[in-house]
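The data below hold one chain only, encoded as structure tokens and taken in the form predicted alone.
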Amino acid sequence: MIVLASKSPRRKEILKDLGYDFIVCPAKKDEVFDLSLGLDEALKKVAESKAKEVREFYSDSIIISADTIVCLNQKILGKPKSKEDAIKTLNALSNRRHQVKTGVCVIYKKQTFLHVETTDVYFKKLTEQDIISYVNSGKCMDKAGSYGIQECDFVDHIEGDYTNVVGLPKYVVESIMKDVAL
């Protein structure tokens, strides 16, 4: 059995697109980033802690977990705390490059696979109206960096994996799943 340790509808959709049957059991612990480790290592630790938490309930299953962050100049841009925070974040991303990083952990029995995928995202120059309309739609409030690439027209181009920006790097998961010894 495969267990997705996430309640993200985007991650569920990507895993379904890969053709896997799975159940969902989101991790409940708060995410703690130990930035003394560096962004990639901290992200791996968060993804691994989510998978380990869920493994306590499904010890014989394949556990897949992920955590996605948006970074601008090595600073993490989390989920907005308010509409004002979302507007500020989107203004900061306007006409600039930022990175989306997803830490992926797959645990099965005594095997642990960890990977961080990084995608460079280049935003167009956004107008105040673009930003306010999107923020007022409410779609930004549960997303790191205050946007969902699949639902806005802010991106000029990306360098890397699109599904990573959505929240789960499909090709990484596919590759890891081939290595999981069943």
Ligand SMILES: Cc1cn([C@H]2C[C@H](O)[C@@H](COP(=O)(O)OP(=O)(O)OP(=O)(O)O)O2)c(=O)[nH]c1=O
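Just so it is clear, the model here is predicted, and its values are computed rather than measured. We number the residues from 1 along the sequence you see.
Omitted from view is the form predicted together with the ligand, to which the following refers.
Asker: Heavy atoms within 4.5 Å of the ligand in the model of the complex: which stretch among 109-117, 52-60, 65-73, 34-42?
Answerer: Going by heavy atoms within 4.5 Å, the stretch is 65-73.
Asker: Counting only heavy atoms and a 4.5 Å cut-off, does the ligand in the model of the complex sit next to every one of Leu15, Gly160 and Val173?
Answerer: No, none of Leu15, Gly160 and Val173 comes within 4.5 Å of the ligand in the model of the complex.
Asker: Heavy atom to heavy atom, is Asp142 within 4.5 Å of the ligand in the model of the complex?
Answerer: Looking in the model of the complex, residue contacts with the ligand include Asp142, since a heavy atom lies within 4.5 Å.
Asker: According to a 4.5 angstroms non-hydrogen atom cut-off, is Ile131 in contact with the ligand in the model of the complex?
Answerer: Although the ligand is absent here, Ile131 would stay clear of it in the model of the complex, with no heavy atoms inside 4.5 Å.
Asker: Is Lys79 close enough to the ligand in the model of the complex to count, meaning some heavy atom within 4.5 Å?
Answerer: Yes, Lys79 lies within 4.5 Å of the ligand in the model of the complex.
Asker: Is Ile149 part of the interface with the ligand in the model of the complex - any heavy atom within 4.5 Å?
Answerer: So Ile149 counts as contacting the ligand.
Asker: Counting only heavy atoms, which residues in 4-19 are within 4.5 Å of the ligand in the model of the complex?
Answerer: The stretch touches the partner through Ala5, Ser6, Lys7, Ser8, Arg10, Arg11.
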